[in-house]
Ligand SMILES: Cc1ncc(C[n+]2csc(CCOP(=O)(O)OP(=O)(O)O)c2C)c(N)n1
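Take a look at this one chain, the form predicted on its own, written out in structure tokens.
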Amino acid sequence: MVTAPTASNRIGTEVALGMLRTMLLIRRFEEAMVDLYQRNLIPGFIHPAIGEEAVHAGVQAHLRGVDHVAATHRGHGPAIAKGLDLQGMMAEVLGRRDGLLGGRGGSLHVGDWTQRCLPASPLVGGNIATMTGVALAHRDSGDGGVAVAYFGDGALNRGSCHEAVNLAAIWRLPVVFAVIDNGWAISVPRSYATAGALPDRARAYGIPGEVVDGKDVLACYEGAGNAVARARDGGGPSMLFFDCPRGYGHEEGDAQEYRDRAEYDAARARDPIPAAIATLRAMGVLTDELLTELRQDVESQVSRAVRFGMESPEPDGAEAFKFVRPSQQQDINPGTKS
């Protein structure tokens, strides 16, 4: 059962507007990224997370500077919600020298260790075990930090996920497992690949598991608040299942011929941003003038980021192997063998 949006009377104006601003910024950044990709200006693949903005805004509204997050390959939302430099992010997506990772990671691996936002693992669900280890470090250091691991519902079926969640439960680690249930693992529907009900997975480990409407930012805020507080207070891990039907393809350019049109249209219709705007209007904290200001500020930030990224130079080819061990360099470039 999906939780009802009951947080509207317990959330402050500043937090509510901050989450809307985060959602608008994520959406506009990804729209700009899609435009650049369609003009063949971005190398590799991009995997937009349009429609997941409420999850990241709601969860990360509870995080502090000491906390860590790790994303899936749709990592722009968590990175923006964590406050990463927007210009460095766009340069990274474009593969330029001024990118957060020097242009080496690209869209798939956006992150910034200094801001405690880990680049996505190339393995599906790879960050689940990593963030369990991060949570162990938080517990042992006593710094009060919490780790948040985002992953898709398909990753729940990996063996490494079972091992990591089991250890987190046994050791009562301060970690929140945030499952973005979009119903698909690339082109495979969840109904085909996953047995049983998702919340049963949490119950099997003896940890709280809650289904949250991932299109409702206030529901995301309230659901995450309980899980983050439990982790920070020493109560151990929780697993949140964000109901968030995928409104776009697996990657930009995915024709999605494997999907039923009605299912796709229904997913697209559940856009969290108009819903958030309507909710905040009903709460009396959002006016037309304020919304215009927010949109103009977001547009200005994203425009500056695009300009910065496009003007950033290409990486220096002489530094291509800077972070590669000598033995691996020989495998990649046989010409370096002595």
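One rule holds for the numbers: they count along the sequence shown, beginning at 1. Since this is a predicted model, take the numbers as computed values, not measurements.
What follows is about the form predicted in complex with the named molecule, which we do not show.
> Pick from 66-74, 284-292, 307-315, 26-34: which stretch has a heavy atom within 4.5 Å of the named molecule in the predicted bound form?
Heavy atoms within 4.5 Å of the named molecule in the predicted bound form occur in 66-74.
> Identify, from the list Tyr205, Trp184, Phe241, Tyr248, the residue with a heavy atom within 4.5 Å of the named molecule in the predicted bound form.
It is Trp184.
> Considering the named molecule in the predicted bound form, which of Arg158, Arg259, Arg104, Arg172 comes within 4.5 Å of it through any heavy atom?
Flagged contact: Arg158.
> Give a yes or no for Val124: in the predicted bound form, does one of its heavy atoms lie within 4.5 Å of a heavy atom belonging to the named molecule?
Residue-level check for Val124: yes, a contact with the named molecule.
> Asp153: heavy atom within 4.5 Å of the named molecule in the predicted bound form?
Although the named molecule is absent here, Asp153 would touch it in the predicted bound form, with heavy atoms inside 4.5 Å.
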